[in-house]
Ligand code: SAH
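Next up: just one chain, as structure tokens, the form predicted alone.
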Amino acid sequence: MKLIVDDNKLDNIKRKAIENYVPILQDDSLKLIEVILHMIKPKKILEIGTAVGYSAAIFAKYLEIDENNKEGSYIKTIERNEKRFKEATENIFTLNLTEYIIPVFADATEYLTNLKEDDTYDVIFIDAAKGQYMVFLNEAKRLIKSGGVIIADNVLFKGRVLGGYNEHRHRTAVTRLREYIDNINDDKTLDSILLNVGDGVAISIVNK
């Protein structure tokens, strides 16, 4: 069974986010991720960085759900910005997805280290503080199932990561994103690819 999500309501959420300069998934990146989710048919997704719930709502379309959701398929999504968390919660309610999307108000760097759901998730999507991507990756490898997929968005950071960028303002984020890319390429438990789609999407298949 596939969830039906109201596209008109989704479009309104997207439009409002853009008008208020809330960063949401770019269309090209979203299309790529939708193809991946369609192929995987995930039952459990972890999203690090909710924003206003736009991406989680779209991901919900691809959850593999049995009759009456007896197996408990869901998306858990983490957001540390209180204003955005409240808006995301309202959007999830408006879309009638409260049974399938679990919003968590927390700092993911702290929350994930205490999350006891090892080998639980089919897909983990990272789209939060760029300077913490290595923290998120290390926790994601623990929490994801073998054969699962870790997807990280914005890994090229508007061209700064693969260029010679060294300005102080974004230096830490750029350095950590470079570490992230080096790590997924060197880690023998990951089969990874970096795609120049949107602002850069890194895809890693986990082989524990």
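The first residue of the sequence shown is number 1, and the count goes up from there. No experiment lies behind these values; they were computed from the predicted model shown.
Another form exists, predicted in complex with this ligand; not displayed. Remarks below refer to it.
Colleague: Do heavy atoms from each of Glu47, Ser55 and Arg84 fall within 4.5 Å of this ligand in the predicted complex?
Modeller: Yes, because Glu47, Ser55 and Arg84 each have a heavy atom that approaches this ligand to within 4.5 Å in the predicted complex.
Colleague: Name the residue from Leu115, Met134, Ala129, Ile102 that puts a heavy atom within 4.5 Å of this ligand in the predicted complex.
Modeller: Selected option: Ala129.
Colleague: Work out which of Val155, Ile150, Ala51, Leu37 lies within 4.5 Å of this ligand in the predicted complex, going by heavy atoms.
Modeller: Contact check passes for Ala51.
Colleague: At 4.5 Å between heavy atoms, is Thr89 in contact with this ligand in the predicted complex?
Modeller: Result no; Thr89 lies far from this ligand in the predicted complex.
Colleague: Check Ala108 for me: does it contact this ligand in the predicted complex (non-hydrogen atoms, 4.5 angstroms)?
Modeller: Because a heavy atom of Ala108 falls inside 4.5 Å of this ligand in the predicted complex, the answer is yes.
Colleague: Within 4.5 Å, heavy atoms only: does Leu95 come near this ligand in the predicted complex?
Modeller: Answer no; every heavy atom of Leu95 is more than 4.5 Å from this ligand in the predicted complex.
Colleague: Quick one: does Leu195 come within 4.5 Å of this ligand in the predicted complex, counting heavy atoms only?
Modeller: Heavy-atom contact with this ligand at 4.5 Å: absent for Leu195.
Colleague: With the partner left out here, which residues of 77-104 have a non-hydrogen atom within 4.5 Å of this ligand in the predicted complex?
Modeller: Sequence-ordered list: Ile78, Glu79, Arg80, Asn81, Arg84.
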